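Listed next as structure tokens: two forms of one protein chain, kept apart as structure 1 and structure 2.
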Structure 1
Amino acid sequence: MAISFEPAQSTIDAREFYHKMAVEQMRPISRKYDLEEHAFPQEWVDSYWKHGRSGPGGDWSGANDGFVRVCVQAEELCWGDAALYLRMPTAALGGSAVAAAGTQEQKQKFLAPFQGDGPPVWGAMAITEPQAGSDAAAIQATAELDGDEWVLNGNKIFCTSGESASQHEGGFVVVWATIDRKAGRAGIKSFVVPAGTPGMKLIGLEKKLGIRASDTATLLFEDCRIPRSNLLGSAEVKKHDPKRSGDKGFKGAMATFDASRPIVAAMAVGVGRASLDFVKEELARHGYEVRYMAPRTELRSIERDVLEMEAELHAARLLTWRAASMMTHGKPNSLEASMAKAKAGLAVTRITQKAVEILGPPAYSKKMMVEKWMRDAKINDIFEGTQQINQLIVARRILNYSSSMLR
């Protein structure tokens, strides 16, 4: 697939708009909410809901520049602060699930509040369980059909925006659960649980290494009843056929990652760029010039480090844009989404650690933001599929191996 290296003017406008927001509204409060974990960033939420969502960003439907511009937005705002980006009122991962697996009626119903004039709303996705992390097929949460309602039971952990999405009216949580444990992955479905639904309980918030301003919730579902139509995709429930090699329900749920992984990759690029920009500014402030045109054999060690950091960053960005562009144009992008996520997660970890190394002891202290960016970086190598899981997916796609053939 051809890649244009010149962004459209509309995308350039979007980048400038969100970079200005990152500089003026996110950076000034970044350290405050890193130190005050679980505090609600009211000024940021209000500002984004009033101004940010009406800016020249993309949307979950693929209109305008679709996911490419969503990724540009993610990069710029995560350059400002990745945790505040995750805290802003959007459909987020829940929205990507609805966009990837929902019907047109479901998209209209659940995503409409994010375009309205009401109070801020959030979306979230609940997949991970105490005994089911990278292996989504090991999910134990259950969904049983009782008349015209699904009854959900189970425990979900590490739910990004789980507190906001479950507590604020108009929001929702997309919950992965099995309708038939004996069916394995074929029994996994995703369900939309609106905020405030009886039986959905917030029972805890994680204390984390990084992205500390982001609420990361533990949710408990006890006889939680939702309409039959809240099953994403189709309300029809097909019996498991052991002769079938796959199941559209599970594949539809997994398609969520094809949409969300490029966004996470873009987040990583934003954090990595924040660190690289700061390193270059500090070097320039001390009169240290990076000689881009000098022969590699004549470069000093720090110059080589900076050039390698920039190369890693550019490679991650281009892989991200490719996966996002394919998503926008309706092309299968599972391989490309995992490639972007794996590359960006590794790149941002290396870049932020190298930034601390180059700048020395002050960068390891809270005198500089670099130590925060290093802490914020690592999650991009973990959530939405760990580095190892995404590399495994890439290998399977390239070799055309099934999950049973390559584990």
Structure 2
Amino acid sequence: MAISFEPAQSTIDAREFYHKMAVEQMRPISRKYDLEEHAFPQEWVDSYWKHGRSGPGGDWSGANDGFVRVCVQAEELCWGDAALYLRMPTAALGGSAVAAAGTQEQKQKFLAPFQGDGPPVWGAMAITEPQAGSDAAAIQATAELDGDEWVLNGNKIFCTSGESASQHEGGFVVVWATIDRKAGRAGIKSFVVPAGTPGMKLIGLEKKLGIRASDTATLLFEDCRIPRSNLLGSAEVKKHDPKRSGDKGFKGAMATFDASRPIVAAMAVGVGRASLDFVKEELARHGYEVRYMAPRTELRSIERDVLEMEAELHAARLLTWRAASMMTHGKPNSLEASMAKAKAGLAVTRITQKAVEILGPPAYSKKMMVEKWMRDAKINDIFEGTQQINQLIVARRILNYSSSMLR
């Protein structure tokens, strides 16, 4: 091994493939689905299902840049449109949970439709509850065993792709619920609820600041029955060691964040780059060159802004790739994943906000896309752990503090 920033050919291919898709399939409909909130982006779903999912990004377990390639895919597609990216028919976080904690049989059963020739399907993960926020241990939803079935009850909000995953046959929602409220975190398990299961009800869709083409659902579980075999991991509740995070099911589900955070960071970088690219194009169009060797005393204010945006964006990108690369090599990357997520979320929030300012009055109008990118970008500072949650994770790791020592 040696430090290198030369992408593998397969990464270059992936970048080209997804960039083309972003330019041709996403950008043309980007504003439309921003304005028509909650409309189903049929053409995009079909296009991704037909061409996108077989593109050179999906399987990263092989050689070359591994998980970095997944990040490059996310960056390119979110350069296209972050909301449409989230709306793609994929197993998403639900799939990661199944892959991380499911048995071979579960993987086969639930993930197969995503490879198949059937109609488009979605996966989703339902964790957050109205009163719980980032505090997974405070989950109130319950799962009770009744004969050979688990009976789920509870209310889940902020479920990305929750509408698609719960309504389109073949998809599924991974639901976090407790099987023993007294056991705290140890009692929390995750369950696969197939689309269309009676008792899983779509209650509403959030109206949001941005990423309006992505469905963010509220799901109600009322005596929702699923087969016993749909539990991910073990049903055992380890009560005696409150400091341990429980079994493979919980841990596996938590571990999905180590993979999802670099992806979310890469998404952020994609949106940020969309803004930055556009700013540079517009500046060039108006005859404002961004100089890398301008004398400090002659540098324009907006030039410095662009230089800072570039540095911040690329630092975020490299932190992201590092976390992804560690994942490829099977190294623990929780710290680095949270670093990347925290950095990218904040950097891109600022970059996209600055882009609107730099481009002046026209950029505040919906005639240009920068205002949308600013709205879209902000989600990256919030979901998959807010800025603050990721700072907390980083802080605990660098201080070597447990979660009880640093709250």
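The first residue in the sequence of structure 1 is number 1, and each one after it adds one. These figures come from a predicted structure and were not determined experimentally. If you superpose the two forms and keep the largest set of C-alpha atoms that fall within 1.5 Å, you have the rigid core.
Between the two isolated copies of the chain, the first is the form predicted alone.
With the core held fixed between structure 1 and structure 2, E105 has its Cα displaced by at least 2 Å.
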